[in-house]
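Okay, so here's just one chain, in C-alpha cells, the form predicted alone.
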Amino acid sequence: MRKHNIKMKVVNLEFQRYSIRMTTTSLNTWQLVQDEVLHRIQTGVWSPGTLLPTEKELAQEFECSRATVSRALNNLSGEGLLDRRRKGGTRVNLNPVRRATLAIPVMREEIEGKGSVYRAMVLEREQRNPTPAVRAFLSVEADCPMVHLRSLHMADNQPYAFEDRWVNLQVVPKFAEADLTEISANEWLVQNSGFSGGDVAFYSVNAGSQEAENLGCREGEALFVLERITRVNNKPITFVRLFYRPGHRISTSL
C-alpha cells in the first residue's frame, strides 16, 4: 500500500512539472494565448465570474506582447466568453453566450449535397425601382435601379424553394445582363460580387396563393422563410426571401 501511494505522488509531481513547463512556455501568437485562456475557462481554473490577471501580467506569464494578449481576450469577448470593461478588468462571463455557426451554401450545392438533381427556373425578371418596403429594408433611394427576380429552385424536378430577390444595380451593374439560364442568381452573385457583411433572419409564414402555386402546397400551410441582405462597404447588394416547402428544417452545431 505504501509503495502505491509513493508512486501516485511521483506521478502527480511529474504532472505538475509538466503543467508548469507548458504554461511558462512563450505563447507568441494570439491564437495560442486564446487557446490557453479557453483551456483554463473550460477546465474550471477560471470559473464564471473570475477576474482575470491584467494584460500586463498575462503578457509576462506567456512571454508575449500585451497586444497579443489583448487580441486573444477581445476575440473571446466577441464570442461571449469574457466580459471586458474599461477600468473594470476582464472577467469570465457568468452566463457565457453559446454561439452557433450556420453555413449558408449556394442553393445548387445544398440540393446536390442531399443527393438530388438541381434545376433553377426564372419565373419573372424585370428592372424597376424598389418598392417602399424594399427601400426601407435596404436604405436606398426611390430611383435606385434594381432587378426584381422571382425564381424556383427544384430538387429532382420537385419544388424545393421559391425565391423573391432584389439586386442593386448601383453595386453590381453587370447583373442587368447576367445570363441566368445555366446558373441561378444566387450562384452568379457569389461568383461575381464579393460581400463584406449582411443580415440573416429566419421566420415562418402561412403560404399565400403565389407561394402555394409555386411550391405545390396548400394556401395557409406554414412555410420556413430565410431572409438575407448582403452588403459590401455598407452598400446593399441584394435582398432575398427564400420560401421553403412545408417540413423544411435547418440544423447547425454549437
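Definition used throughout: the rigid core is the maximal C-alpha set that superposes within 1.5 Å between two forms. Every value quoted in this text rests on a predicted model; they were computed, and no experiment measured them. Sequential numbering from 1, following the sequence displayed.
What comes next is about the form predicted in complex with the DNA, which is not displayed.
Selected contact from 188, 46, 30, 224, since only one has a non-hydrogen atom within 4.5 angstroms of the DNA in the model of the complex: Comparing distances to the DNA in the model of the complex, the residue within 4.5 Å is 30.
Sole residue of 193, 34, 68, 214 within 4.5 Å of the DNA in the model of the complex, by heavy atom: The residue from 193, 34, 68, 214 that makes the contact is 68.
Any non-hydrogen atom of residue 84 within 4.5 angstroms of the DNA in the model of the complex: Looking in the model of the complex, residue contacts with the DNA include residue 84, since a heavy atom lies within 4.5 Å.
Close approach of residue 53 to the DNA in the model of the complex, 4.5 Å, heavy atom: Residue 53: yes, in contact with the DNA in the model of the complex.
The DNA contact in the model of the complex: residue 127, any heavy atom under 4.5 Å: Residue 127 lies outside the contact set for the DNA.
Close approach of residue 151 to the DNA in the model of the complex, 4.5 Å, heavy atom: Answer no; every heavy atom of residue 151 is more than 4.5 Å from the DNA in the model of the complex.
Stretch from 85-93, 168-176, 104-112, 117-125 whose residues place a heavy atom within 4.5 Å of the DNA in the model of the complex: Contact-bearing stretch, as computed: 85-93.
Core fit, then residue 56 C-alpha moves 2 Å or more between this form and the one not shown: Yes: residue 56 shifts by at least 2 Å between this form and the one not shown.
Cα displacement of residue 222 between this form and the one not shown reaching 2 Å, rigid core superposed: Moves: no, less than 2 Å.
Exceeds or equals 2 Å, Cα of residue 91 between this form and the one not shown, core fit: Yes, its C-alpha moves 2 Å or more.
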